[in-house]
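One chain follows as structure tokens, the form predicted alone.
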């Protein structure tokens, strides 16, 4: 067990190191000088050189890479070229919007997807099943930003139930903050809920054909009781796994949704930093997003190994 976890941990750290090298290398070869962009076209070469020295851009590439990586352990990610504030503080401030948005979207996706999938399986081959699966297919085909625009037109502009965009800040109250995040989280969650609905339906239908279902019904349990007490518990293994994997997609999906709803989160900060050639902020944000995806996938992989001992020794199921 310890050897299996150690191998997965080494693989994760190696992958993170390679990702860091790629991210840093890509940002280094991008055209344009951040100092020249900040000072404008009228800046003299001497002024640009002085600003490069102030920002540490004149240091060797290896020194800047090691300083950047070390910043993730010390909390010093440098100073934003555009905002002239510490990048770590800027990310921490924007994370107060992105993290609740991703968590709320995960809650919506799981509750909607599992409920509709179980309902479709319990009404298999009926009109309800066909309608729900057709809706899930539509949810898979339509991107989340389109859902966001549609919700703004209907629920914000048309009905006036929710704000069309922006974030009042948590200091304005929990209810106001959740109201501002409701539509973005729902738009972000709907495509993932469609995936969960289809997966839940398949898993529940497979569980319904097992012997323990017939035993439960023979003991006098109703169909609803059997579904709730026995079927769902056995069908949740692949569904929970997908939910864990989807969280990384929801986190990265905030990049688009935050710009649709003008939310001051990490996703909007990436767009603003790219536009301002704020490379020190861009590479830190990209590394955080990539790291989040990798860590979540590694946790799921380790969990598989804990559940199924065959995976610890490299033997697949059925061998």
Partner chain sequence: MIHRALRHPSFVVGLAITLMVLLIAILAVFWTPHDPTAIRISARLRPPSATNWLGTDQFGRDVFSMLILGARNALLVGIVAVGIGLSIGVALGMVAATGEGSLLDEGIMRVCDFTFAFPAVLTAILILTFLGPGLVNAIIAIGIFNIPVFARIARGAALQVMARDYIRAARAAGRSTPGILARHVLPNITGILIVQASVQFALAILAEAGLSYLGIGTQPPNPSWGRMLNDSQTFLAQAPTLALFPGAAIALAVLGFNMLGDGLRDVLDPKSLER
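Numbering follows the first chain given and starts at 1. Given the structure is predicted, the values throughout are model-derived calculations rather than measurements.
Keep in mind that the form predicted in complex with the partner chain is not shown, yet the notes after this line are about it.
Within 4.5 Å of the partner chain in the predicted bound form, a heavy atom is found for all three of 157, 270 and 279. Using a 4.5 angstroms threshold between heavy atoms, residue 18 counts as touching the partner chain in the predicted bound form.
Remark: residue 198 counts among the residues lining the partner chain in the predicted bound form, judged by a heavy atom distance of 4.5 Å or less. The partner chain is not drawn, but in the predicted bound form it has no heavy atom within 4.5 Å of residue 45. Although the partner is absent here, residue 137 lies within 4.5 Å of the partner chain in the predicted bound form, judged by heavy atoms. Put simply, of 83, 72, 182, 145 only one has a heavy atom within 4.5 Å of the partner chain in the predicted bound form, and it is 145. The listed set 77, 152, 116, 239 contains one residue whose heavy atoms approach the partner chain in the predicted bound form to within 4.5 Å, identified as 152. Residues 279, 282, 286, 289, 290, 293, 294 of 279 to 303 are found to place at least one heavy atom within 4.5 Å of the partner chain in the predicted bound form.
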